[in-house]
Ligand code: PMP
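Before any questions on how it binds or moves, here is one chain, the form predicted alone, in structure tokens.
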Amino acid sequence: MANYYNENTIIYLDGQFVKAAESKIDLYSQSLHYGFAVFEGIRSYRTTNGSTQIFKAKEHYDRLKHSADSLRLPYNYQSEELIEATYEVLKQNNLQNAYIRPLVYGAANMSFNLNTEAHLTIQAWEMGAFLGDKLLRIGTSTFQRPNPKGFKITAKASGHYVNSILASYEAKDRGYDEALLTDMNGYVAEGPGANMFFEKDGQLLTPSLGNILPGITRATVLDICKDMGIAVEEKFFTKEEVYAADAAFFCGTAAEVIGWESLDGIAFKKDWNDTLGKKVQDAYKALIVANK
């Protein structure tokens, strides 16, 4: 089991820097019982000049506010103050290449009444390649992404990730590395914690917004493609269209950019090193450690 903290680990909790081992959550929290919380996954990196950089910090904390507002969780923070607090968490724990987890959760509330107060914590731990460094064998899941009419699909809400975990468990039980989920119409949506792109005839395609989480890394990949002159089309498509693709990859904060070997046992046509995805992967790796 991963060791996320020890007796010396410091976290941020409601404006204070405290020891993780001495912190506690109310067991009557609506968040614990009903999954009613929001969070972010953020990465920090040691840059080429040795400093620490939190990648896309403002974008992540702005989305955290959007998520909290979407679930009507009280949120009285400015992104800039939370970014400053996050750098302090990294400093106090002597971390550079780290995964950062801000979480907004409710106080004691065993009813379905509106939360009148909420807590915010920022935690961090060392993290390497979340999905490894080898090409992934992906399996289409029997689970579908939630209908946007039933959830605030653009919010990064804790309860949504029961769906992600079940899909990932199923894929691994079937011998795959990770899952690919479809939406309620049967179109390809995303992975349990990452967006997807595929290559066909010299361009990239990715699922349209609407039934997926609009990922920050997805937006970064779109920016990279624009800068590199790589054509990208956003559309709805089936898994059968992906079977015929030249290549495919996941992208996400934890996953970064990671190529696929196959989907449902069907291998892709191109060698990964010759793909547009590899070019995007290399550009992304350069970007995250740039001195900015």
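When you see a residue number, it is the position in the sequence shown, counting from 1. Predicted, not measured: the structure shown is a model, and the values here were computed from it.
Below, we turn to the form predicted together with the ligand, even though it does not appear here.
Think of it this way: in the predicted complex, the ligand has a heavy atom of just one of Pro207, Gly215, Gly139, Pro102 within 4.5 Å, and the residue is Gly215. Screening Ser67, Gln53, Ser29, Thr253 for any heavy atom within 4.5 Å of the ligand in the predicted complex leaves a single hit, Thr253. Site residues Leu135, Lys269 and Lys278 are none of them in contact with the ligand in the predicted complex, judged by any heavy atom within 4.5 Å. Remark: His119 does not count among the residues lining the ligand in the predicted complex, judged by a heavy atom distance of 4.5 Å or less. The ligand in the predicted complex is approached by Asn195, whose closest heavy atom lies within 4.5 angstroms of it. The closest heavy atom approach of Gly191 to the ligand in the predicted complex falls within 4.5 Å.
Although the partner is absent from this view, Lys200 stays clear of the ligand in the predicted complex, with no non-hydrogen atom inside 4.5 angstroms. The stretch in contact with the ligand in the predicted complex, judged by heavy atoms within 4.5 Å, is 154-162, chosen from 110-118, 75-83, 154-162, 90-98.
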